[in-house]
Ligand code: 0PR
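Shown below, as structure tokens, is a lone chain in the form predicted alone; questions about how it binds or moves come after it.
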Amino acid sequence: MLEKGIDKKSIFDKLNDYQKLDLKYESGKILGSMCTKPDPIAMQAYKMFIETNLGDPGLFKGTAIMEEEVISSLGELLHLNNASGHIVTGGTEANIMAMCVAKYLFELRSNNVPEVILPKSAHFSFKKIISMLSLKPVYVPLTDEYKMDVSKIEGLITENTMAIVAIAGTTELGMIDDIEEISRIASSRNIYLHVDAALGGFMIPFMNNENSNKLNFDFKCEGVTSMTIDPHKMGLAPVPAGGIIFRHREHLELLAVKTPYLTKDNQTTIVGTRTGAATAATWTLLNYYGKEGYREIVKKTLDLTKYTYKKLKNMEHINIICKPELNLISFTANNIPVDNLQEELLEYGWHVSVAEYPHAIRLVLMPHVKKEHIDAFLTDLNKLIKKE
């Protein structure tokens, strides 16, 4: 820290220099992120509530009421009345909260090492959770469609099974597990089932096609105990804005700790100090867009995904891993190794990511990506392939 501060102009000149190093979503060059440019109306609401702290909700009663309304709205979107939960930092925190609850419930009946059954496609946050909570992971292999192989689950259940985790929108491929069947298994065996719908939660309910009509992925399935849903992904909220929804209030209460010097008696979140700005932004978006608005956002995103898929499918040397269910497409090239292709695309300014299983280039078609961006990307990709 400097002994003496510097003038405001110099500070902001330096801030501008740092900002120039950051990528901008509107450039269309960010093709590997599940986050996107926040909606301007959400940013306006965020700034209005920037000083609020939901860790001390008695001081910010209006913001606390908004959080209750947001959780109620998200619950109804996911076919759950009287939902309990919070707006948190993101999917990782939401998943941690769900697994903490599952562990507390397990410890009421057993002193053994708890086991969590989850697909190989589970988000990397579960690697952190397994270490943090001293859980034993039991991985379920994937089908040829890169979904959790439901036929293997029952054979993996033991007296130490703490929970099952299913995914509605895998991080690498955007695949949706057969949650209806997984729910049936969990319900019949009285096992906690958590659905990580960080991506799919704000997409599947707004999809107007035959496939989505068959997708029972949420609390409509009686075995689903909790769900992760992230407003800062397809919900268009600014980061950080994740969501955790519990079917039963008493499960959320298991996380409660006493807070004697604050305005409320206890907290049921992992973090103490917690911005209310994310809640205000999410409340604004849910009320501004409504279901009709989000249907249009999702339709445009999926239309662009289909367009990109068809173009890639007809491109020489390109192998698409699987037909997209949501807004992710992963592919390889016959004549360029995946990691090399990623590096060469970066030289053209394209920031794509790489899936680990299977090893492939990964595109995420978020709302900031437009058709002209995809056309430019495909042109450069074609140049690289032909050059090789």
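When you see a residue number, it is the position in the sequence shown, counting from 1. What you see is a predicted model, and the numbers here were worked out from it, not measured in a lab.
As for the form predicted together with the named molecule, it is not shown, yet the points below apply to it.
None of 229 to 237, 137 to 145, 296 to 304, 244 to 252 except one has non-hydrogen atoms within 4.5 angstroms of the named molecule in the predicted bound form; the exception is 229 to 237.
Contact check for Gly75: no non-hydrogen atom falls within 4.5 Å of the named molecule in the predicted bound form.
In the predicted bound form, no heavy atom of Ala278 sits within 4.5 Å of the named molecule. Taking the partner from elsewhere, Leu54 is found to have every heavy atom lying beyond 4.5 Å of the named molecule in the predicted bound form. Remark: Tyr104 does not count among the residues lining the named molecule in the predicted bound form, judged by a heavy atom distance of 4.5 Å or less. Checked against the named molecule in the predicted bound form, the residues Thr268, Asn216, Ser187, Thr92 give one hit for a heavy atom within 4.5 Å, which is Thr92. With the partner removed from view, the residue among Ser183, Thr225, Thr171, Ser84 that has a non-hydrogen atom within 4.5 Å of the named molecule in the predicted bound form turns out to be Thr171. Residues His123, Phe124, Ser125 of 112 to 128 are found to place at least one heavy atom within 4.5 Å of the named molecule in the predicted bound form.
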